[in-house]
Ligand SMILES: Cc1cc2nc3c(=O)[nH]c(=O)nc-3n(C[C@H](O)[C@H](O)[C@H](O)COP(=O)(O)OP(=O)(O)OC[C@H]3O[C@@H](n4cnc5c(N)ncnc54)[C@H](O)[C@@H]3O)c2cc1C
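Shown below, as structure tokens, is a lone chain in the form predicted on its own; questions about how it binds or moves come after it.
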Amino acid sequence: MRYFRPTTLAEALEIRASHDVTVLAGGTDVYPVRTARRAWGDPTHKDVLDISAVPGLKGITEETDRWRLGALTTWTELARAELPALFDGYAQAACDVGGVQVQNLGTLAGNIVTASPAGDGIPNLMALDAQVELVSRAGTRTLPYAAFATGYRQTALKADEIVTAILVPKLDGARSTFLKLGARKYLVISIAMVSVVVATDAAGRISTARIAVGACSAVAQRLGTLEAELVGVPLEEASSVVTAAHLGDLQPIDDVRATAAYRLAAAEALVRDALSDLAATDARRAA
């Protein structure tokens, strides 16, 4: 196995295009997966392209109409950043990803490239309408996260591309929240999770609603019908609009953590709770 650690993006892209490599950022998923494969008798491993020394891929910056989150930004950096209430849910997820050691090393881009259905950051990115910036020697392209995630642990990332940033459009007056259900409070894989972003008008009625559910399908899903029905509803009444039918497109599975039926019921409850939490926060701010 060869190990590459370039110090420029151009060098990294050259290696990515000319070698069959595993791209390494924080390594919090790459190495556990490798260990598991060895345990099952498979010692093989691709060459490694470590991009941690490439400049310009870390940090959060505000641009004219969006926020730019560098691919190598860690969960700890996200949790500690001074960001508008639009990012509250994503910041909450940052505090739920693994333990402190994982949060200090794990990167935002690594979470989406891994494409686990239980990735804590993923429903937040869907609710934020985030885009993924992909770079190759041929140039740069951006994809909505919903188009980037193509299936269970599958993405639209091409063999010669590297994720360089996550782009989040601004939404005036918006706030968000994130709720996760697991078998315990800490260091746990989700049974179900929900991210909600809302913006309201001067009268407290919802003008924009984005709701994404994770760990209940091969990829996280937005609840488009519910989002549309919430527009014009007072935020304090939003939780009462939610019904089981709004989650009908989800396809949860039975596994060691929960049955499919339990996951659906939990997701419905989490959506209601998230909307109630946002309404309570809004009421506290108004007071």
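Don't overthink the numbering: it's just position in the shown sequence, from 1. Not measured: the values here are computed from a predicted model.
Missing here is the form predicted together with the named molecule; even so, the following discussion is about that form.
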Exercise. Among 186-194, 78-86, 207-215, 138-146, which stretch sits within 4.5 Å of the named molecule in the predicted complex, heavy atoms only?
Worked result: 186-194
Problem set entry | Candidate spot I51, D96 and A109, all three touching the named molecule in the predicted complex (heavy atom, 4.5 Å) | yes
For this session: Identify which of I162, L128, I166, V198 has a heavy atom within 4.5 Å of the named molecule in the predicted complex; exactly one of them does.
Result: I162
Problem set entry | Of L171, A156, L105, A91, the one that lies within 4.5 Å of the named molecule in the predicted complex (heavy atoms) | L105
Exercise. Using 4.5 Å between non-hydrogen atoms, is R175 touching the named molecule in the predicted complex?
Worked result: no
Exercise. Closest heavy atom of T28 to the named molecule in the predicted complex, within 4.5 Å or not?
Worked result: yes
Exercise. Taking heavy atoms and a 4.5 Å cut-off, does T22 contact the named molecule in the predicted complex?
Worked result: yes
Exercise. Do V113 and the named molecule come within 4.5 Å of each other in the predicted complex, heavy atoms counted?
Worked result: yes
For this session: Output the sequence-ordered list of residues from 127-142 with at least one heavy atom within 4.5 Å of the named molecule in the predicted complex.
Result: none
